[in-house]
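Only one chain is shown below, in structure tokens, and it's the form predicted alone.
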Amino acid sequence: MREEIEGRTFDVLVIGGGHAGLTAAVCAAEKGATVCVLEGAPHTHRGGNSRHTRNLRAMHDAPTDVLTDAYPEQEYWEDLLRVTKGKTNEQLARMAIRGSSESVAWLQDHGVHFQPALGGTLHLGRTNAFFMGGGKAVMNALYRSARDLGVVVAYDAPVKDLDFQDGFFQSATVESKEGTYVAKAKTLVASAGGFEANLEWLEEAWGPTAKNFLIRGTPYNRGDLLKTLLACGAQQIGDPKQCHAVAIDGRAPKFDGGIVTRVDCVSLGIVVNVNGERFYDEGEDFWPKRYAIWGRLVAGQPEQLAHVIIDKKSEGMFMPPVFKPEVADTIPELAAKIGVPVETLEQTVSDFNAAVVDGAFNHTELDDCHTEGLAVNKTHWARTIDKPPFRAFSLRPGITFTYLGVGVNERAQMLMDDGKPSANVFAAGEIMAGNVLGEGYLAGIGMTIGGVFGRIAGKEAARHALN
């Protein structure tokens, strides 16, 4: 592949071969640009974290073939405002929301298939379109589209340096198995993700607690491109401690466990730390609007470890993770199995059960089942934990992607530290998601941001290069 790249000047160079990068590459090629994609991972792991995704959140004003009812712009915006606590760029956020209305059709036009609207406890049939075959099928379809358009793709091609002149991109230095070479282009689209797989960088932000974090996604997102762009004068956006941090099964692998490690029964039970004590409202809101806060919550607990406990009443009401739970016929037996103090856990469960106010349980609505009188009350879906067998899933912080990134404008142009846009550098995906996500997360919005800004970046890069 080196011989196809070295000595040639492309119209558009895309660094990072995930959903955002491939979307940009396809859009640029459709505009008539010559495009090269540098993917740091091997072919087997191409696609970054997009391999592990399963849906995107899409605005729509009427039912579609893959979404029920309607999910209008204002509701989408209010959902985002709530989870980010206002830490978002409204102009860019609304661009992502409005652009999401075209995302499903665009992907379908490029070979991606979707499932019928989803039902069940995730409450996503109205808001999120699910990919048939998951994220890997999405990436395979986009790589096929890119190939058919003549896009040159190099795997095992990590970029180690960039040549910038007064904010103007000139070339990228690639260190591959074929040796070191230079890739030149008239424009650059940066789409190489965050730094979540860089454990040393995570520890700089979080301190020693980061050693216990599990990385849900690719081990190749080490933030090398992000660090280089910042060193070249790119505007920094976001807090290095802010990230998409989900509570996942504590037995998951250190890297690349993916979405199957997620535990989705938190809202149906109670969560205790290693001391056997509850520490947060498990029923605060629908799970897709709260699941991404639980990684940070568990990160703040002793040993960065917790356990979600359910009883027989919750069986079959959630998507089971890949790892089986600990099972026991009594709470003391369960406490011994998960290693928490027996008496404390017994008291926690007893106090919780006594505080439950009976209501009409309905896991598809914000029901009236709640607790009263506890230091930490449960707002919805509170039912007594009293029907064996009892089950416990261990929880650890699972980091999906980080929000530290580069600033962009409405054309997806990367901003420099003086606030002015770089003439020929664009950004899409996780590397700029912090413009929209100051904190918190909505299920599926990462793919929305990647798709919308990938399309913008690809078209704008091609227009700049060809004009």
Partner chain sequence: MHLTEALKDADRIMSICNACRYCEGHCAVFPAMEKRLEFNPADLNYLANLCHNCGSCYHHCQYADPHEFDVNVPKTFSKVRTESYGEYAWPPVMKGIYKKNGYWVAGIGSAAVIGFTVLTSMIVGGAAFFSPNPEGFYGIMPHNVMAGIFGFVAIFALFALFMGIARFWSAIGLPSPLGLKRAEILQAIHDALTLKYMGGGNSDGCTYPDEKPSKWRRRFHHMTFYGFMLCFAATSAGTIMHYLAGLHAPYDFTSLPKILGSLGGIGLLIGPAGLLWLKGKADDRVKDENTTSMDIAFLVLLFMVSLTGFALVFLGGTSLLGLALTVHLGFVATFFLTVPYGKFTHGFYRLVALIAHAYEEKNGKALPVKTETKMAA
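Under this definition, the rigid core comprises the largest set of C-alpha atoms superposing within 1.5 Å between the forms. Remember, it's a predicted structure, so these values are computed and weren't measured experimentally. Numbering follows the first chain given and starts at 1.
Keep in mind that the form predicted in complex with its partner chain is missing from the display, and what follows is about it.
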Checklist outcome for this item: Of 92-100, 274-282, 197-205, 257-265, the segment with heavy atoms within 4.5 Å of its partner chain in the predicted complex is residues 257-265
Checklist entry - its partner chain in the predicted complex: within 4.5 Å of a heavy atom of each of R46, A137 and V322? => result yes
Next on the checklist: By the heavy atom within 4.5 Å rule, which residue out of P72, G133, P389, G359 makes contact with its partner chain in the predicted complex?
Outcome noted: G133
Checklist entry - Given that its partner chain is left out here, which of R82, K337, R144, K160 has a heavy atom within 4.5 Å of it in the predicted complex? => result R144
Item to check | Distance check, T180 to its partner chain in the predicted complex, heavy atom within 4.5 Å | outcome: no
Item to check | Heavy atom of G316 within 4.5 Å of its partner chain in the predicted complex | outcome: yes
Item to check | R51 within 4.5 Å of its partner chain in the predicted complex, heavy atoms | outcome: yes
Next on the checklist: Whether P253 contacts its partner chain in the predicted complex should be assessed with a 4.5 Å heavy atom distance threshold; does it?
Outcome noted: yes
Next on the checklist: Once the core is aligned, does G258 move its Cα by at least 2 Å between this form and the one not shown?
Outcome noted: no
Checklist entry - Does V327 move its CA by 2 angstroms or more between this form and the one not shown when the core is aligned? => result yes
Item to check | Rigid core fit then K136 CA moved by 2 Å or more between this form and the one not shown | outcome: no
